[in-house]
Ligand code: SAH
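One chain is shown next in C-alpha cells, namely the form predicted alone.
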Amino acid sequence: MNPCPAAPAGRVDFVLVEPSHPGNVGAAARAIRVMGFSRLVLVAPRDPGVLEHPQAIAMASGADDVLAAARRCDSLEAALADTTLALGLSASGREFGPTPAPPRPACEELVRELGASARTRVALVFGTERTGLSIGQLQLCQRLCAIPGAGDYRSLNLAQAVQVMAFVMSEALAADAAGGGAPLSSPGRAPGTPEGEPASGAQIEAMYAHLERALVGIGFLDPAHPKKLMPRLRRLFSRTRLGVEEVDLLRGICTKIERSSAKDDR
C-alpha cells in the first residue's frame, strides 16, 4: 500500500537522473516499493517510454503502481523544485560541494527535515549509470552521500545503490517512529533547519539566478570569465539552511543592488 502523501515516507522522492537502462528503472521501483516508498522521479531518461518498457515492467516484479505513478521531468531543477533538502549520491566528493556523509547520518538528517514541518520534502538523487552526477547536478543538492565500499572498487549498480539508500532511509524512519532514544524528528524546528518555512529548491535556484544578475550588474562577476565565483557562493549558502524569509531578504538586497547599478549607469 502506498504511504499517505502527508506521511514522512510520502514526502521522499527517489530521483534517477538520465537513466539509460529500463531494467534499472524497474529494479529501482521494486527497491523503493519493498521499503515502503512510492515516489519515483525520472529526469530526462534516455528512453522516453522507459516506464512502459517490458524490461522495466519485468524488473519491477509487481511494483507496477510505482512505475505507473512515476514522475518525469526534463531537468533536475524541475525535479527538485518543491524539495527542501536534496541528497546527492556520489562515490567521492566534489570541489565546492559539501563533504559526503555515510548513508546512516545522511538519512537521519533527511528524517529530521521531514519532521520539521509537514511542508518539507526530501529527495535522494542518483546519477546516470556510467558517469554518476555531474558537478552542476551535485551543486543542486544541499547534501552529498557516499556509500562506503572497498578502497579499490566502489562501483555499485544504480538499482543496488537505490536499494541500499531505501533500506537505510526506511530504518531511520522506523527508528524515529518507534522513539528509540531521542526522536530524530522531535516536535518543533529540527536542528539545522531554518526559522520559519524552509525554502524550496525552486526558490533557492531563483535566488542564485537573481544574485548572479546583480553581481554582473555591478561588475563583480564577469560573465565572460566567471571563474568559480558562483560555485563558491553555492558552497557558502549550502552550509546554511535558507528559509523563505531569508531568501526573500537576499533577493531584496539583490533588487537594491540592481536599482543602484541602474542609477549609476545613467
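Keep in mind that what you see is a predicted model, and the values were worked out from it rather than measured. Residue positions are given as counts along the sequence shown, with the first one as 1.
Below, we refer to the form predicted together with the named molecule, which is not included among the displayed structures.
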In this chain shown alone, the residue from Cys73, Ile135, Ala175, Ala91 with a heavy atom within 4.5 Å of the named molecule in the predicted bound form is Ala91
Answer key: of Cys107, Cys145, Leu114, Leu80, within 4.5 Å of the named molecule in the predicted bound form (heavy atoms) is Cys145
**Request:** Kindly indicate whether Gly127, Thr131 and Leu158 are, all three, within 4.5 angstroms of the named molecule in the predicted bound form, using heavy atoms.
**Result:** yes
